[in-house]
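Quick setup: one chain, the form predicted on its own, written in structure tokens, and binding and motion questions come after.
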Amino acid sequence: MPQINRIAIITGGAQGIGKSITKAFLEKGWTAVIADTDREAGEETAREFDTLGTITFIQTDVSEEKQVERLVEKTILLFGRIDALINNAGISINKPLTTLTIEEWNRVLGTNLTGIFLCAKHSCSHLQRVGGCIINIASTRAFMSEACTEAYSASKGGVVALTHALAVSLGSGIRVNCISPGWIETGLWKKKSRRITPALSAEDHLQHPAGRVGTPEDISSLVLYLVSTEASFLTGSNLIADGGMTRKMMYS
């Protein structure tokens, strides 16, 4: 029998963790649709990975419902199906509480949380037809914080809660899971104009019980597992990938 050409939409798929996820899907024979606000990064990634498989960039702001509708409609027009939705798009604005504006708060929540709601809303009927998956990328900031991260932390806590709500609402037809990364070094996965070689110290690595800072590949490998048949009994789950940092007591 001919192999089914499976289609994945990866939001924020042009840089960082999202770029690694895009590459991982292509290497497994999937078609990748990357949705990103950054046209420069999106077009650059599409060119860079063109030899790996079928990849399409659709410029999209996931906080805008009409743009999400267009993303899904264009994907269906081009490829006829959606097998996986990877909600990775995220931004942060870290400022003191008293200077954080309501516009900045809403911008972070709109991208990081509302964007997941909108993408799930408009793709769920297509995912249902093929028994597809939704994977949401949250953060360990959902469970622990540094100062001045109210908007980001609140949005990522919402992602974890939205994940289990979607899993229950969408039932057995669509599995919905979540990954909460810790410190993931993404400098080499940025677009060329922003790419940097990380300068990580021995202390940076050794403060992690696992002995190292995380890489984007640590997250993309988990995404591939969660969309596979081996994870067919997992839904509504949140997998923490942080080298053990949220389990480490730290006293000064």
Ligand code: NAD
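Remember, it's a predicted structure, so these values are computed and weren't measured experimentally. Numbering starts at 1 and follows the sequence shown.
One more form of this protein should be noted, the form predicted together with nicotinamide-adenine-dinucleotide (NAD), which is absent from this view; the next part is about it.
Taking the partner from elsewhere, residue 208 is found to have every heavy atom lying beyond 4.5 Å of nicotinamide-adenine-dinucleotide (NAD) in the model of the complex.
Not displayed here, nicotinamide-adenine-dinucleotide (NAD) is kept clear of residue 153 by more than 4.5 Å at the level of heavy atoms in the model of the complex. Within this chain, residue 15 lines the site of nicotinamide-adenine-dinucleotide (NAD) in the model of the complex, having a heavy atom no more than 4.5 Å away.
Although the partner is absent from this view, residue 111 contacts nicotinamide-adenine-dinucleotide (NAD) in the model of the complex, with a non-hydrogen atom inside 4.5 angstroms. The three residues 36, 139 and 183 all sit with a heavy atom within 4.5 Å of nicotinamide-adenine-dinucleotide (NAD) in the model of the complex. Note on the interface: of 184-192, 197-205, 46-54, 223-231, the segment with non-hydrogen atoms within 4.5 angstroms of nicotinamide-adenine-dinucleotide (NAD) in the model of the complex is 184-192. Proximity to nicotinamide-adenine-dinucleotide (NAD) in the model of the complex, taken as a non-hydrogen atom within 4.5 angstroms, holds for one residue of 166, 124, 89, 72, which is 89.
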